[in-house]
Structures are given as structure tokens and as C-alpha cells.
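Just the one chain here, laid out as C-alpha cells, in the form predicted on its own.
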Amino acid sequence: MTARKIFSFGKYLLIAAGVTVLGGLAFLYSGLYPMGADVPHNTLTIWALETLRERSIVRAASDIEVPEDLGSSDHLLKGGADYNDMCAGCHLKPGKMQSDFTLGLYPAPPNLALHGDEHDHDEGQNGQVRRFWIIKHGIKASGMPAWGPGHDDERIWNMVAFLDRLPTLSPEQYQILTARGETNVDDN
């Protein structure tokens, strides 16, 4: 390839990039994309947002280690009370499939009381690490807050321990495990 052909190709490539950027800016400023939470995203937007979210979480959580005693009853009880207070309003509890609050959220938060394959989350250590990272750091533009600024890692791991058991709980077991007792009161 001659220098002239390379220069010509580069010029067309730059023009195409410029047109793409200008077209993108025109679309952004047009206000044509529906932003209401009652209108779902299109397939391309869903794919882009979900891919970005999942790849970002995997990368950011790659060095997190799961505590060895995560399955202990102490973690479960402390995490259950926090889940009930901080999470059940969005992520529901056994026997509940929706609430007025969850009906208005988009994207809809996953019902964490369902088994993993029903809300598309990893199981095992990968799932535990993912849930820890999400609870600690939150997810932008989803309604999921970052609990890390006000909660230490142990408290967050307690919630992860509870989430591991949540799909197997009956409504009655849930009520027992989420009751706040003297041993799991936290003075925020």
C-alpha cells in the first residue's frame, strides 16, 4: 500500500468517526430515547448495559476472598435482620412476588427469595463474591445503593451468608431468621 492510499484510507476513517460522534451527539441531545421507568429499554441497550455491568463487576471483584466461616449461624442471623431492614423492600421475601415499590422500578430488582436460576445469579463462591461486591459498591442507575460507606465488610458478608440461604426459606423460617434480637442490633 502506498502512502497516498494509507492517507486516503485514514482520512475516510476519520470522517466516518466524526460523523458517528456527531450522530451520537445529535441523538443524545434530541431527547428521542424514552427515559421513563415505565418504558423498557430496547434490546441493544439492555445488552450493552448488562454486558458492561457484569464485566465491570467480574473485573472489580476478582481479588475478593470469601470468609471460611461464611455458613455459620451467627452470619446467617445477623445478615437476615439486615436483609429484612435494608433489602426486602426491593428484593422481596419468601412468599412475595412483587410489591408496589418493585412494580415501579426499572430495571426491576431481582427477587432474591427465588432460586438462582430463577433470577439469573451465579451460585457458589463466584455468586458470593458478586453479591458481596454489589452490596458493598451498589450499581449505578439501578436503584441499588452502595452499602459499603456505612457498613463494614463483616456486616456485608453476613448479608451474603443470608442470601445463600434465602431461596430455601419458607415465609415462617424467614420471619424467625430476620427478627432483630439483642445479639444482632447495630448502632449505626
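Numbers follow the displayed sequence, beginning with 1. Every value quoted in this text rests on a predicted model; they were computed, and no experiment measured them.
Omitted from view is the form predicted in complex with heme C (HEC), to which the following refers.
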Original post:
Which listed residue (G104, G71, G95, P110) meets the criterion of a heavy atom within 4.5 Å of heme C (HEC) in the predicted complex?
Top reply: P110
Original post:
With a 4.5 Å heavy atom cut-off, would you call H91 a contact of heme C (HEC) in the predicted complex?
Top reply: yes
**OP:** Consider A161 of the chain shown here, and say whether it contacts heme C (HEC) in the predicted complex, taking contact as heavy atoms within 4.5 Å.
**Re:** no
**OP:** Although heme C (HEC) is absent from this view, report whether A61 comes within 4.5 Å of it in the predicted complex, heavy atoms only.
**Re:** no
Subject >> Partner proximity in the predicted complex: S142 to heme C (HEC), non-hydrogen atom cutoff 4.5 Å >> reply: yes
Original post:
Each of R53, M86 and I135 near heme C (HEC) in the predicted complex, meaning some heavy atom within 4.5 Å?
Top reply: yes
Original post:
Heavy atoms within 4.5 Å of heme C (HEC) in the predicted complex: which of the stretches 63 to 71, 24 to 32, 126 to 134, 38 to 46 has them?
Top reply: 126 to 134
